[in-house]
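Read the single chain below, which is given as structure tokens and is the form predicted on its own.
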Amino acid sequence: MQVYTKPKSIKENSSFTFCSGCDHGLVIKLVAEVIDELNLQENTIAVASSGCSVFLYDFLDVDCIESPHGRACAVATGIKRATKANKNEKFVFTYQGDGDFASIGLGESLHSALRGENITVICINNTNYGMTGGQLGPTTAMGQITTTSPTGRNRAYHGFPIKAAEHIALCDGTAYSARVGVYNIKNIINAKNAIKKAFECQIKGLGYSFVEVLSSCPTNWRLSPSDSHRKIETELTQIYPIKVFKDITND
């Protein structure tokens, strides 16, 4: 008996390009399921950033544009405004890593939210620069060892990690901001619901919507996939709580 049908928004015969145990594939599948459920496939333009997220167009069967590093929100803003001005408004979302969104791209990310751009942003937080070798990133936890912080992140030298969902929630133009995880079944279901809520906010024209996803990086964390998920559940959620920080539809 068939218990699951592949989303039609996932390309046929896609080759898995992520490291073993990486959660990117799972999150992309959730995105595809939501695109199908909301009947968005033919009207969607996705913006992929540089980094591991750049492989988005290998999996999603929608129009995709690759942005320069850190500029995904700016590119998405341009697409959304241009298509609306031409009376052919598209559904536009970005798929970014935490380094892209919250470090080199923080200006574009934050000001897009402050302007209330009617786009949706999905940010994968794996606490390092995954594609380029596991360097310290804006979300690297205090004490976390990376290739560029061999003695661990410390306050005096590196400062504190950024909490993206909380910062975005403070912006008046933000309609929805949440942090989710995909480390167990319950949280996978909740993550999909959050992505769907964020997409619906854009459909309703409510403003900027944001979902931060706590994700594993077994290769650079030097842990097994199961231990990586355990680390998220027992350690990272203490730093980055799983929570909806803003939802104007419930106000």
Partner chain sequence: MSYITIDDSKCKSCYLCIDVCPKNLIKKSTHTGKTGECIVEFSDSNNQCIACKQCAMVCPDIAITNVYKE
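All values reported here derive from a predicted model rather than from experimental measurement. Positions refer to the first chain, counted from 1.
The same protein also exists as the form predicted in complex with the partner chain; that form is not shown, yet it is the one meant from here on.
> Thinking of the partner chain in the model of the complex, which stretch from 62-70, 46-54, 201-209, 184-192 has heavy atoms inside 4.5 Å of it?
Replying inline: The contacting stretch here is 184-192.
> Is every one of Gln144, Pro150 and Asn154 in contact with the partner chain in the model of the complex, taking contact as a heavy atom within 4.5 Å?
Replying inline: Verified in the model of the complex; spot residues all out of contact, no.
> Is there any non-hydrogen atom of Asn250 lying within 4.5 Å of the partner chain in the model of the complex?
Replying inline: No, Asn250 is distant from the partner.
> Is Cys22 close enough to the partner chain in the model of the complex to count, meaning some heavy atom within 4.5 Å?
Replying inline: Because a heavy atom of Cys22 falls inside 4.5 Å of the partner chain in the model of the complex, the answer is yes.
>> Residue-level question: is Ile242 within 4.5 Å of the partner chain in the model of the complex, judged on heavy atoms?
In response: Ile242 lies outside the contact set for the partner chain.
> Looking in the model of the complex, any heavy atom of Lys231 within 4.5 Å of the partner chain?
Replying inline: Result no; Lys231 lies far from the partner chain in the model of the complex.
> If you look in the model of the complex, which residues in 1-15 sit within 4.5 Å of the partner chain (heavy atoms)?
Replying inline: Sequence-ordered list: Met1, Gln2, Val3, Tyr4, Thr5, Lys6, Pro7, Ile10, Ser14, Ser15.
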